[in-house]
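Encoded as structure tokens, the following chain is the form predicted alone, with no partner shown.
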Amino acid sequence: MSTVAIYKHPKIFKLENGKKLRNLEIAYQTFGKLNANKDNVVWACHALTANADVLDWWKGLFGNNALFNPEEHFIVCANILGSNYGTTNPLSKNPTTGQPYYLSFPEFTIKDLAATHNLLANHLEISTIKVLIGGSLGGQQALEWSLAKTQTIENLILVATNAVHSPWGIAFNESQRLAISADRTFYSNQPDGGLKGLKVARSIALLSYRTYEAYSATQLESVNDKITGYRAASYQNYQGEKLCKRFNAYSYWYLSKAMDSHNVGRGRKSITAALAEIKVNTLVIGIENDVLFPISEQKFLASHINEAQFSSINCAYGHDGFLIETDKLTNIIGNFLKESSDKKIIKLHKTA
């Protein structure tokens, strides 16, 4: 059983920066059924350009016969604020003007993304989440949501993410925004504005998602006499065009800024003090050759979250490994959840 729906929030939504959004809509999908005890919820937070169909973009980890499957779990995935897959975004109609927002859309943060998850959870009458999981930008959301303490989260799984977005990551994002803003059509207030810039931005991003080894394995030339028309060049063009067919430059612009805003220390005593507040059963997974979110960032999370477990995987694809290495993730996460369940049984026996 799967459901595609849109939650229309009846109240004004106040952003972290004080600005307000009226007529907030949150697109989401659910898979499976909520059991009688309401304790089988698995909530997945998606990354930068993904959507609410987690069974599609995280195949192998989510799906029929997968670790997280609709037969056992009630799986929820919400399209994030600013994205163009149904949730309120820069191409949505501004209720004040009756026209799309475009660049008048208010900037938002990772905390705002977490706050919209909370709104949807309340609407769905979910107070306990068995597993909250996210990778990359999704991991940033999951981390902020766990710090908000609005729902009871039993197990928190953070994959290829961090406590604060690094200067390196911000530099990558700014380079992409520079590419988008160099496209004059970005300021034309048209749905297809900035697409040439978005194509370049995606090409830049891909270099941070992959590795030298990945390109060598998949884009290496089979002949020695080429002087143009290289496979790697064609690949970059193809990936840029592919994103332009399904995304828009305005959403990409705002979401990259939201990622830059990520810092769990903001509004709290410090980054380490914030992480110490997390008492949730936590697993942190890093990718050993991740260029964008180096494994040192996941080790930092694990060392400052109370009793967090840490694990790592090696993948030639680098950061994109969190979407590709689903067999490895299944093994690590499955063992973690089994151990967590065993600990609860032991604790109950001791109490008895």
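Treat the numbers as computed from the prediction; the structure is a model and nothing was measured. Just count from 1 along the sequence shown to find any residue number.
The same protein also exists as the form predicted together with a small molecule; that form is not shown, yet it is the one meant from here on.
By the criterion of a heavy atom within 4.5 Å, residue 262 is excluded from the residues contacting the small molecule in the predicted bound form. Proximity of residue 322 to the small molecule in the predicted bound form: non-hydrogen atoms within 4.5 Å are present. Within this chain, residue 302 is remote from the site of the small molecule in the predicted bound form, having no heavy atom within 4.5 Å. Interface residue remark: residue 254 is not counted as part of the site for the small molecule in the predicted bound form, having no heavy atom within 4.5 Å.
Note that among 22 to 30, 322 to 330, 61 to 69, 35 to 43, the stretch whose heavy atoms approach the small molecule to within 4.5 Å in the predicted bound form is 322 to 330. Between the small molecule and the residues 48, 291, 316, 308, the one pair within 4.5 Å by heavy atoms in the predicted bound form involves 48. Just one of 136, 146, 109, 176 comes within 4.5 Å of the small molecule in the predicted bound form, counting any heavy atom, and that one is 136.
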